[in-house]
Structure formats: C-alpha cells, structure tokens
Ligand code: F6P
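In the form predicted alone, a lone chain appears below as structure tokens.
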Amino acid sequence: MRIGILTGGGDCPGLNAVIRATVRAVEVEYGGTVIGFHDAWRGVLEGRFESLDVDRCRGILPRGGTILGTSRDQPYAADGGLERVREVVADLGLDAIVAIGGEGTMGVTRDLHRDGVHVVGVPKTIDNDIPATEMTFGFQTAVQICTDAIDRLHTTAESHDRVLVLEVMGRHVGHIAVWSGLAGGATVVLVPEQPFDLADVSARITARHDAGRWATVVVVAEGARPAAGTLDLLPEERDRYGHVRLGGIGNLVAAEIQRRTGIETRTTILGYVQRGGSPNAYDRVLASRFGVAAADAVAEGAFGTMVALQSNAIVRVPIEQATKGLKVVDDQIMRDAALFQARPAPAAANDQRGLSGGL
C-alpha cells in the first residue's frame, strides 16, 4: 500500500498526531509507504512532497501545527488542477490520498472522489462544526485554552469591578464559546447561532452589577453578530479565498457595553493562541485514532469516506455527509449553558425573545 497525505486549511493541535498514526499504521500494519505533500493541495499541484516513515515522525505527537505545512489552495481553483492531481497520483503510484482538513478540504475531497480520484477524509477544525462526527481534534485543546483565559479574567474583573469581554474563535458556530463559557462560568455568551441585542445584554449586566460586586466576563464568538437594526457594523472585508475577515467584534461589544452601562469594559482577543501549541491528551488520542482509521479505510478500499467519531467509536461515513452544511451547537447544550448566564433584568422578564443577548 502506498498513500499520500496532506493537511489543509488552518493549522490545528493534533495534525501531527494524525500524520504520525497514519504513517505508523501503514508501515507497521500494512508494510506500505507514505508520501507527505507540502502545503496541502498546493504541494500536490507543484509536486512537492517528502517520504514519511516512523523515524521521521518520532517526537511529533505533542507538537503543534503540521510538519507538512498547510494552505487553503485547492485544485479546482487552478487551471488543469484536476488533471494535475490525477497525474501526480499516477506518477507516484498512490493507492489514495488521505486529506486532513475542515469544510473546505472535505469539499475538495468530495469532488475528487466524484471525479474518480481515490481519497479518504479526516475531519479537522477547532470550531467542531463538521457534520457526521461528534468531535474533531483540536477542539478540546481550544476550549481548555479559552477556559484558562476566562479563569484568569475573572480575578481582574472582580478586583476592578469591570466587565471583561473575551473574543474566541467561531466563524459560523459557537461551540468553543459555549463550552468554554460554561466551563469558565461566563456571565454572557454570544454566538453566531443567535443574533444578539446589546440593549438586552447591557440590561442584564447592569442588573448584575447593581446586585453586588461580581466578576463579569462576556464571551463572544468571532462570528457572532447583532440582531438586525440593533447595531451598525463596519463593511465586511474578504481574503483572497473569499472568506470574510473576522475578528474585532469583541471590541465593538465592549465599547457598546461601556457606553450603555457606564461600567468600565475591556477586551481580550485570543486569536491564534487558541489553535497554536501542543494538543491536550484527548486530542492526541482522537487524532491518533483517526489516523489509524484512515489507513484502514485505504487498505479496505473505502474511498470517498471520512472517518468520524460516533458514540465513542471511529466509523466511516460518506464524504457527502460531511459537507452538508455545518454542525451548530446542540440545543440541549445551549439550554444547559443558559442556566448559568446572567438572567434578563426584571423589566425584560416577560420578553418572549428569551435570552436574545446570547445564551
């Protein structure tokens, strides 16, 4: 067996663990070889790769990022990209390509399978938003980093009687915000799934501060947005791949909370800290299980599938299932987290919108 492997999209704790596990399974279990493409699909198109074996992968289990490099380039955006991928696969004698990535990478994997290229997908995103898998590696590490930040912010918020706003990752979904907010005891959590009303948020914070000197920490996902007509936003900017440039909503929320409540409010934006550095134990194990499962899928000819976690078992699902929209935060987790958030002010107690300011 001879396979290629690549890591696409943003970096994420656990990528090297997947590479290491796939290489070990292919070499030890199947007596095969692995080719690692540099910088995702760009490396396939440009013919840049290296041979990977057990010795090359020693010591990379706890290492963050990806030893192969990554990019958001994809073959269908390049002239003759599909033909080039087919040519490289044939020239290198590959049985399949294992593609590790998020929604963009899984979309390319789906299309390549449709066009006859042998591929297997491994889901990767700290946002935990890929359907058909209960968890993606990197997510738990990001949640822990954010929770640690909330714990630290609580002491300053309480000491100075301030409101501290923490902006975390979450482009389209609020898994990181909800989980870390619940784990860290955040006062309010704002997520993309629920447009927020800062009048409501401010009223809840004011009522909380009027009741006593408590720490107030607001967690906001980078993709959270205000309800229509409640707050003006700056025009959107996009990168060269067409993605909206996010980041900065925390500053806007903080400024508005201070203006509306009169309480000093500061912002902390974690940014890339959340996805850098060493993966935690859970993510190392999940990533390793995914890597072994990807090698098994290739060995058994299960092309066009993605490995996934379901009921603590690693299974295979058709790649199409992984590209049908995004996995939003579960309603039950939303409800559980909401129980620990600041409640609406008495004047808004009968507001049928519920907790429109967040959870």
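Computed from a prediction, not measured in an experiment: that's the story for all the values here. One-based numbering along the sequence shown.
Just so it is clear, the following notes concern the form predicted in complex with 6-O-phosphono-beta-D-fructofuranose, a form of the same protein that is not shown.
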Site test, 2, 95 and 114 vs 6-O-phosphono-beta-D-fructofuranose in the model of the complex, non-hydrogen atom cutoff 4.5 Å = no
Does at least one non-hydrogen atom of residue 272 fall within 4.5 angstroms of 6-O-phosphono-beta-D-fructofuranose in the model of the complex?
-> yes
(request) Examine residue 126 and determine whether its closest non-hydrogen atom to 6-O-phosphono-beta-D-fructofuranose in the model of the complex is within 4.5 angstroms. (result) yes
| is_contact(residue 72, 6-O-phosphono-beta-D-fructofuranose) in the model of the complex, heavy atom dist at most 4.5 Å | yes
Does the 4.5 Å heavy atom contact test between residue 169 and 6-O-phosphono-beta-D-fructofuranose in the model of the complex come out positive?
-> yes
Here the chain appears without its partner; judged in the model of the complex, the stretch of 170 to 178, 184 to 192, 80 to 88, 249 to 257 with heavy atoms within 4.5 Å of 6-O-phosphono-beta-D-fructofuranose is 170 to 178
Near 6-O-phosphono-beta-D-fructofuranose in the model of the complex, with a heavy atom at 4.5 Å or closer, the residues from 282 to 318 are none
